[in-house]
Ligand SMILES: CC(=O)N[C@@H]([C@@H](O)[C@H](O)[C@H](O)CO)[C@@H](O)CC(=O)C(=O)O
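One chain is shown next in structure tokens, namely the form predicted alone.
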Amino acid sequence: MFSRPTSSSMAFPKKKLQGLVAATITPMTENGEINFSVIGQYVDYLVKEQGVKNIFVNGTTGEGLSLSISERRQVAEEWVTKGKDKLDQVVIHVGALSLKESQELAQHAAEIGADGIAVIAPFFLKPWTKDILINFLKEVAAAAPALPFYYYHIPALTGVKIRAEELLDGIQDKIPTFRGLKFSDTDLLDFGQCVDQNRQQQFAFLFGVDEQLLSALVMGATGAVGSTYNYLGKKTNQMLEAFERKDLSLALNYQFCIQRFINFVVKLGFGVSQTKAIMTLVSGIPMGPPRLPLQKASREFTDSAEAKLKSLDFLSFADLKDGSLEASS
């Protein structure tokens, strides 16, 4: 059993996690091995081309639960090493079906100098009450008592329907290192109540549904974690800037333009495989195929996505002006 964190062990030097956080892809070779050689280039691309300096590693987009524990450790190490002095924060997802594996990954994240850890609810033998879920989470958090801890709420994939609002009620009493929530669900009532009922806590409220981000910002989101920020980070940052300036009309234009692309690819069938294909197309960095049981994106999908990106000026990264969006297809 890992020792409980004490107040002296929780001096978190970094500022609150906020702004855009890219849910990183795990690059792979054509034979399904992890392609560590491109991660340094990937870091530079995120920072220089997309203006994204925070990352979320080994999550859904990174196929974290399709990797072995050894691979997850190696991937985390590579991102922390290559991101040193370039990225602001590297958060490692350490959720697993096994409590012991999750604790091992949490402890490892602390040892390599990660800036935080996140955990999804175990999704095979599920926790059905708030107290049971918190008991699991606090045991993982205790393995890394000096790291900020984030809960990764994604009920559509875990099948754990415990409302985030309920979970957050009094959570720091049980998990002193708790610092925020990655909310990957479309229930804006639940999300809004998380914000409303925890205004004094200074939590990071990170929204995880990219196409609804503006709505979440209005409700108090302090940042966002998503796959599209790998290649639409610059456009989304422009939306955030417009929102900060209280130019809601321009912010809405940006959100609608982003939605046009997401809506288009969703109709074609959009997931991790397709995200890898789009990222390869936009960045020029080979992301490779996904791991089974996922299948590689089709050529038809890639060609269609490329045409749509070009029609929306996303490949050229041309600055959007107030009126130019009206002509976007």
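In this text, residue numbers run from 1 along the sequence as written. The structure presented is a predicted model; accordingly, all values stated were derived computationally and were not measured.
Below, we turn to the form predicted in complex with the ligand, even though it does not appear here.
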**Asked** Picking from 70 to 78, 106 to 114, 147 to 155, 246 to 254, which part of the chain touches the ligand in the predicted bound form when contact means heavy atoms within 4.5 Å?
**Response** 147 to 155
**Asked** Hey, in the predicted bound form, is T61 touching the ligand, heavy atoms inside 4.5 Å?
**Response** yes
**Request:** May I ask you to state whether V209 is within 4.5 Å of the ligand in the predicted bound form, using heavy atom distances?
**Result:** yes
**Message:** Taking the ligand as it sits in the predicted bound form, is L294 near enough to touch it, meaning that at least one heavy atom pair lies within 4.5 angstroms?
**Reply:** no
**Asked** Just to confirm, T236 within 4.5 Å of the ligand in the predicted bound form by heavy atoms?
**Response** no
**Request:** Would you kindly say which of F301, F36, F264, F270 lies with a heavy atom within 4.5 Å of the ligand in the predicted bound form?
**Result:** F270
**Asked** Considering A141, V91, V225, V94, which brings a non-hydrogen atom within 4.5 Å of the ligand in the predicted bound form?
**Response** V225
**Within 4.5 Å of the ligand in the predicted bound form: residues from 22 to 45 (heavy atom criterion)** = A23
